[in-house]
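One chain comes next, on its own, written out as C-alpha cells in the form predicted alone.
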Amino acid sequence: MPHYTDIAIIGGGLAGSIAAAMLGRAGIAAILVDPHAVYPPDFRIEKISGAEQIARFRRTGVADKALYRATLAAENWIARFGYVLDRAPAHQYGILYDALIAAVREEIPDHVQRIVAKAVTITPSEDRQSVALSTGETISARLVVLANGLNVGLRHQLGITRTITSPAHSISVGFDLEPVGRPAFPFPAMTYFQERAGARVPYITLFPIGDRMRANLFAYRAVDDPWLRAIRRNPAETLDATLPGLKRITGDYAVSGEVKVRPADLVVNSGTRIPGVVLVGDAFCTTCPVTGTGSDKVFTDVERLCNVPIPRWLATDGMSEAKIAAFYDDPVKRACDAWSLDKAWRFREVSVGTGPYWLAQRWARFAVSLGRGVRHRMAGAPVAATARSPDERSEIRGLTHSS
C-alpha cells in the first residue's frame, strides 16, 4: 500500500527540512524523504549573517532554535592590505551545516512522517504524483517538492534540462585557523579582502563556531589550478603567500583539521513547469557561495512556497502546470533569484577584472570601508591599532599597493 499525503518533500537538506517544518506547523500532511536519518557533515553553509538574511530565515518561523545554537559574533573587523579599516557592528551566526539541519529538523512536528530512503522515480500528473522509493515503497502525493540540491537523477528522469552557465564559477575552501603562541585572535570575526586581483582570491572570512575560529576562503580559479593542490597540502604557507598582509593582524597562525574544497558551478534548469512538481533551492538554480546569497534563496523559496501558493493550491482540486507556474512567477522569488545571480557575476568581475573600471571599483570599496571605520571611530568605536610601529600605522594614509 502506498503512503498517501498532500506533500512529498524529496531531500532533507536545508530547503527540504524547513519546508517539512513549515508545512507540519501549518497542519498540512507531508512526508519528508531523505537517505540520511541524521544529516552527515557537509561543507556548505557555515554562516548566517546580515540583517536581511537573518530576517528571511526568521520569516520561515523555524530560525530560533538554529540561531540559538549558533555562535554569535556581534562585531566584524573589515581589513585589507594588513590594516583594519573598520570594526563594524554585525550579526553573524556561525554553525556547521549538519548542526544547522539538525536544529531545523527538531522543529518538524511528530505528525510529519520521515522516510529514510532515496526517491528513485517521480511520475507526475495533474492530479496525484507517484514517488517510487529505494525501499520498494511508494508515495502518492498531491504535490512533490523537489529539494534534493545538486542531485541530477530525478531532474533528468522528469525531462528537466540542466545547463551549466559558468563551470567552476568559484571555489570555496574551509578550514579551522588557530593562533600560535597566544590563546586567541584579537578579533571576534573578520573579513579580509584581497590585496591584488592577480591572486584571484576575493576574500577570507574568519568567524567563530563554538571555540573554533572557522575560515572560509574563496577563489576564482580553475579546478586544475596548482594553487588548489597547494592549499590542500600546505594551507598555512599558501594562505600566507596569497594574502601576505593577513598575518599582520592575526599574528602567527596554523591551519588545523581537514581542508575542504568545493567548486561551485552556476546552473539553471529549464522545463521545470511540470504538473504536480515544484523545485526549490539549488534544485531549481544555483548561486555563488562567494556572495553568501545561497541561504537567502533557500529561505525565500521555501517561505514563499509554503506560505503563499501551497495553501491556495490545496484549496482546489488538481495540481496543474498553471498552478505550479504561480510559484516560479512569484515576484518576491523572482527578485531574489535575479539579485543573487547578478551578485554572482558582479562580485567576480570586481574581484578579478583588470581594466581601469574594475580597478576603480576596488579602490572605491576600499575607500567606503575606510570611511565607515572613521565614522565608527568618531562615534566611539575606535579601529584597533594593529600596525607594529608609528611609521607602519601612518602607512594607511598613503597605500600604494597594487590592487
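For every residue, the number given is its place in the sequence shown, counted from 1. Just so it is clear, the structure is predicted and the values come from calculations on it, not from any experiment.
Beyond what is shown, the protein has a form predicted in complex with a small molecule; the following relates to that form.
- When contacts are defined as a non-hydrogen atom within 4.5 Å, all of 45, 97 and 298 contact the small molecule in the predicted complex.
- Shown alone, this chain has one stretch from 279 to 287, 232 to 240, 85 to 93, 306 to 314 that lies within 4.5 Å of the small molecule in the predicted complex by heavy atoms: 279 to 287.
- Proximity of residue 292 to the small molecule in the predicted complex falls within the 4.5 Å heavy atom cutoff.
- With a 4.5 Å cutoff on heavy atoms, residue 143 does not count as touching the small molecule in the predicted complex; it lies far away.
- Though the partner is left out of this view, residue 347 does not reach within 4.5 Å of the small molecule in the predicted complex, counting heavy atoms only.
- Among heavy atoms of residue 262, some come within 4.5 Å of the small molecule in the predicted complex.
- Scanning 59, 36, 334, 65 against the small molecule in the predicted complex with a 4.5 Å heavy atom cut-off leaves one residue, 36.
- Site annotation in the predicted complex: the residue of 172, 71, 129, 250 reaching within 4.5 Å of the small molecule with a heavy atom is 172.
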